[in-house]
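Before any questions on how it binds or moves, here is one chain, the form predicted on its own, in structure tokens.
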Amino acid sequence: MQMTLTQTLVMALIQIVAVLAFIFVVVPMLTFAERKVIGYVQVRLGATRIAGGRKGLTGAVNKIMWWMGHFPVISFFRGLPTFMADGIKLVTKEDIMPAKADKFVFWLAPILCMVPAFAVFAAITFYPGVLGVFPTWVPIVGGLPVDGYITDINVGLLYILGLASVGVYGIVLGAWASNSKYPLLGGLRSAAQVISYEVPLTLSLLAPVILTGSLNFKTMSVELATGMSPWAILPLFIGFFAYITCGFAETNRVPFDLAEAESELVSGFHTEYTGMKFGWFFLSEYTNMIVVSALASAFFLGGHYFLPFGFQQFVPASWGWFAQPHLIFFLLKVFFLLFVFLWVRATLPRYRYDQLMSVGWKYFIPLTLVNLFIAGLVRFMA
């Protein structure tokens, strides 16, 4: 169905708002989930009270959380009011800027981190088809189909990688503009870390590119799940573990959080940031975790299909629902990988900086080059 320019723009706006709503719901819940996962893994209570006196609003909230602890299911959400209070604190906290900071760059840096993290979702395919149709009574877009993606461009993966790499400029500029030694050290660490691990991360993603002969996100996700040679399972399996490990380094997460190592750098590149300017750094980090998980799910874990690593091709059509692509499969895989991010943080210690660089250059770059060669052989023999 041919859409007018107005309908195209309205439909794009609706999809953009839906994706942003998804991000702004998932990211806050990730912070709550992180506290719960770490609490369970490390066997500690976590935040079940709001600090302060026991009168007024604080006292009422403390009593509510005490009451929640008496019920099996409700007790899981016992720390939810604390998480909500943290969000309010970020918005209302005093905005402090160092006296000798570069004010313009200091303001610009969080934006440079946040905007690319959001913009990459334009090329991510949540579902390779039509999710539904607007009712006919809806103005302008009534009767139009709703695609499972904002845009379907031929160089979608190239767009994602190119835009995602811009985020490191925000980290480096924020560290430099703070005019403080600890942020500067954290920014330099992050720049070296991201540059080092972008090489094996990109090489690990080139294996799916060679196997499919495409850079289109939707085409790659479908073909990697259903249309590959059985031998493609090997480079996909190796590529996944290389990619997800490099993803930890790209997002500055444990065990590769050297840019924010509190035992050495206080809080790293965002030490001097407060209020919502710190919140934008925080939001971009968790958004990048979603992006890394979405790419891993789409290109290695079968994406919108049931089985990972190309095993979906062995699923007969008689399996019905499990033989078809579904949005729920993609989201479940993304949420599982987000859980892995939290699980690793609660389990593994931080690497030394020399170990971090050694792992990237000595092991992952050779491994991903070998995997690229294997993917080339599989494509040549197909």
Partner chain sequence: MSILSTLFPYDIYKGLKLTGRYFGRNFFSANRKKVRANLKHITVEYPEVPVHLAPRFRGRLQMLRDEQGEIKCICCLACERICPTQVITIEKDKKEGRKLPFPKRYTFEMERCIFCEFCVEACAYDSIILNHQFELAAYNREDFSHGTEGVFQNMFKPTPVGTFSVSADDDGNAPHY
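Numbering follows the first chain given and starts at 1. Rigid core: the largest C-alpha set superposing within 1.5 Å between the two forms. Because the structure is a prediction, the values reported are computed rather than measured.
This protein has a second form, the form predicted together with the partner chain, left out of what is shown; the following refers to that one.
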Note which of 323, 60, 348, 328 lies within 4.5 Å of the partner chain in the model of the complex, where distance is taken over heavy atoms; exactly one does. 348
Contact with the partner chain in the model of the complex for residue 317, defined as at least one heavy atom pair within 4.5 Å: yes or no? no
Would you check, heavy atoms only and a 4.5 Å threshold, whether residue 139 touches the partner chain in the model of the complex? no
With heavy atoms only and a cut-off of 4.5 Å, decide whether residue 336 touches the partner chain in the model of the complex. no
Though only this chain appears here, would residue 56 touch the partner chain in the model of the complex if you measure heavy atom gaps against 4.5 Å? no
Would you confirm whether the three residues 41, 45 and 343 all fall within 4.5 Å of the partner chain in the model of the complex, going by non-hydrogen atoms? yes
Counting only heavy atoms, which residues in 57-82 are within 4.5 Å of the partner chain in the model of the complex? 66, 69, 70, 71, 72, 73, 75, 76, 78
C-alpha of residue 74: shift of 2 angstroms or more between this form and the one not shown, rigid core aligned? yes
Outcome for the Cα pair residue 64, residue 93 in the model of the complex, compared with this form (closer or farther; change of 3 Å or more): farther
Per the comparison in the model of the complex, the residue 338 and residue 73 C-alpha atoms (change 3 Å or more) are positioned closer
